[in-house]
Structures are given as structure tokens and as C-alpha cells.
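Okay, so here's just one chain, in C-alpha cells, the form predicted alone.
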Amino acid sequence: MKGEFILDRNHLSYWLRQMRKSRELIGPLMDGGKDIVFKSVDKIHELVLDCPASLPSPKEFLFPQYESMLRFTPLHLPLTKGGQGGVSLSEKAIEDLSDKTKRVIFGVRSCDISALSLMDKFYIEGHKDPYYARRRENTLFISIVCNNPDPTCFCIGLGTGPYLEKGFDIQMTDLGDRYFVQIGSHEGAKTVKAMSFLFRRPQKTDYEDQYEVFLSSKARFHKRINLEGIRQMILEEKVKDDFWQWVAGRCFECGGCVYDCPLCTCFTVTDRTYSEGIERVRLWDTCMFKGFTRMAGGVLPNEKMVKRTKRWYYHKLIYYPESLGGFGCVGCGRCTITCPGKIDMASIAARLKGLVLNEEEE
């Protein structure tokens, strides 16, 4: 059962409620004040269906900011006749703490679905990360086309939104009183088939309305940035060191751009000791921090800030396309909102484009 369908808006809550019987339902909810975040949904009517594209990335449900991996519990052995015994260092109970929860994440934007396809290549292809892979296998994503992109969004220039032709499980377009539903995976097809009586096949007017929404969304973008030209500038060595010095001078080393990015993959692993044993955990880290590449003996190969900022942009613009087949940026605009120094990806791309234009004029 693949293809395109129509779901009446009044049937959405029932559909989500039925899915919640077998999976944890995650969706965009108000988190006090005016913040909207992805959280476990208790009351479906509280879902924010017209939320901005810039809300936090759902990446954390596949690659959590803090993830327990293993727990080592020493085994206590009985005392021998000689009075020896206690904790055996050679025998330990090892408990796998990997998350096996089945989830459906509703309300994801196209740019984040595009980011997930690259995250899959990084964590699953080649050297497979079992923690990420298990979460990925157990998670169904239902994305919604952006009818009203944020002013900071520029996915349209990268082909990562606001509408996708592939790479999604289920993609929905809001047509007002109904949703245009597209199926893109086997798991998505199974989910729709289970509640097939809620759906009908699209008619000509449905296709026309969907196309009008797409055209309207494209016209609303404030930024149209193509990173390929910037990548070529770097490859042709047109970007001088003094430019990266200027960028480094504006960096506060807060890590906000990295932690908000749906495509950053850096992490560290540490063991934490508790009274009942030792727990191994994985935490987000960032190559923008001085100690990230600390070597034996305390050597810091990238102690200077200019090296770290330059490496971050090279990683996004050069190494990602070479190794994963796409930019390490999907145009979500989160770093634009987060960065206090205004050296986000869009601003840097615009500044570099301005520099090359000025050189051509001279």
C-alpha cells in the first residue's frame, strides 16, 4: 500500500491515538512560556500543528544529548575459608542500557528528515553504531510540509525542503480541512494500511490544492542560499586566512550552533561511578571546544580558535559532501537564531558571496 491519500483533519487525532497504542507518540508541544519542543504526547489536542520550523531538532530521539550505554555491576562473591572474598574484579554483570522503545515522531519538518538521511549514513553505513541503529529501526517519522517557512530558513536553496520527493516515512501537506498524505517507506505503508478506512484517494482538486500550497511556500522564503558556490570558493583557495581569523574573532565558543544543528555528530564517552556500579554514558560534544581533540600528555592540536572554526565550516562544506554525499547543513536556520556572533552558516555564505562579488567588480 504505497502512494498518496487524503486524511480528513477531523480524523487526525483518532489516527494518532490509535498509533499511540503500540508506540510512544512524540510531537511538538508548548513547554511553558512560548517555547515549543518535541515531547511525549499525553493529550493529543495539545499538539501544536502550526509550529515554526526552527523548534529543536528531533535528532535527540536517535542521538540523545545524554545516553546511558552500559552498566557494570560488580558481583559480590561469598567469603572463602581463608577469609578472602568480596568484589570480584574479573566477573561483572554487564547490562545493556540501549533504548528499545518504539516511537512515532509527528510534526517533523522536511529539513530534519533530510538531515536524518545523512545521519543514517554516518551512524549506520560503514561502522554501524548499535545504539543509533536500534533507535532508528524503532522510530517512525511523520513529517509536515512547511506552509510558512521561518525568515531564517533557506532549505529551498539546498533541496532539503520545504517539500520532499523521497527519504520520508509519511509526509503530510496541510490543505486546511484535510491533509495530503504521501507514503515513502514500507513502515509508513503499514501504518496507513492499519487505519485504511480513515483515508481516501486524492481527487484532481486535492492535487491542485497541494500544488498551490507548494508554490505559496516557495514564494515565502526570505533567503535563497546555494552552498555549492561557497564550497567551490574554498576548494579553489579563494578564502584567505584573514577571513577565518575574522570569523574566529566573533565566536563566543558557546557551542550553540553545534548543539542546535541537526547534523552535528560529535560526542564523548565517559564512565561514571555510583554506589551500585559503573555506568558508561555518551554525551554530546563539539569540535568547537578546545579540549575536544586533546591527546595523550595533554597536547591540544587545535588550541587556536581559528583552527577550530575553520575546521567546522570545512567539515560542513567540504568533508560532508565528499564522505556522505550532501552538505552538513540543511538550511534549517537554527544556527542563525542561536549564534550571538552572527557567524552562522547563512551569514557566512552571504558574506563570502559578497567578498567574491567585490573582487570581481575590482
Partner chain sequence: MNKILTVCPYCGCGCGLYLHVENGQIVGVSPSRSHPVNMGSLCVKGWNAHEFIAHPDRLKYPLIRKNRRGSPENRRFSGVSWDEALNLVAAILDEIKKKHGPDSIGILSSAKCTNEENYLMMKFARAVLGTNNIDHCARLCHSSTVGGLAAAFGSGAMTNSISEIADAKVLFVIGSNTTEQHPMIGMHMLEAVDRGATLIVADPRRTKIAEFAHIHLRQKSGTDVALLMGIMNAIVNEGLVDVDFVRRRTENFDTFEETLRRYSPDIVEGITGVKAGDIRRVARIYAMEKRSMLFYAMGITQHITGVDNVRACANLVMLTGHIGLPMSGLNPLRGQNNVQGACDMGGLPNVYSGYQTVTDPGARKKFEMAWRRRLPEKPGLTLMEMMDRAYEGKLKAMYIMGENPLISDPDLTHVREALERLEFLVVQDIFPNETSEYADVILPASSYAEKDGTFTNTERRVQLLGKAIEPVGESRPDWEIISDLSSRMGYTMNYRGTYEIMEEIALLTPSYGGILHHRLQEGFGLQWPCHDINHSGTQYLHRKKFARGLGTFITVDFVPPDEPPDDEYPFLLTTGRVYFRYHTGTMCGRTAVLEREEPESFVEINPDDAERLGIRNRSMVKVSSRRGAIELKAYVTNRTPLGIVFIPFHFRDAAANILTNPATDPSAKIPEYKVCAVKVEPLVRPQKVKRVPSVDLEALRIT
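None of these values were measured; they are calculated from a predicted model. Residue numbers count along the first chain shown, from 1.
There is another form of this protein, the form predicted in complex with the partner chain, and it is not shown here; the text below is about that form.
The three marked residues, E60, E253 and D260, each reach the partner chain in the predicted complex, with a heavy atom inside 4.5 Å.
Picking from 263 to 271, 208 to 216, 168 to 176, 226 to 234 the stretch near the partner chain in the predicted complex, with a 4.5 Å limit on heavy atoms, gives 263 to 271. At least one heavy atom of P52 is located within 4.5 Å of the partner chain in the predicted complex. Proximity of K290 to the partner chain in the predicted complex: non-hydrogen atoms within 4.5 Å are present. Among residues of the shown chain, G354 is not one whose heavy atoms approach the partner chain to within 4.5 Å in the predicted complex. Mapping the unseen interface onto this chain, P56 counts among the residues with a heavy atom inside 4.5 Å of the partner chain in the predicted complex. Residues are counted as partner-facing when one of their heavy atoms sits within 4.5 Å of the partner chain in the predicted complex; in 102 to 125 only R103 qualifies. Whereas the shown form places them at one spacing, the Cα atoms of K223 and S54 lie at least 3 Å farther apart in the predicted complex. Put simply, L55 and L12 spread apart in the predicted complex: their C-alpha atoms are 3 Å or more farther than in the form shown.
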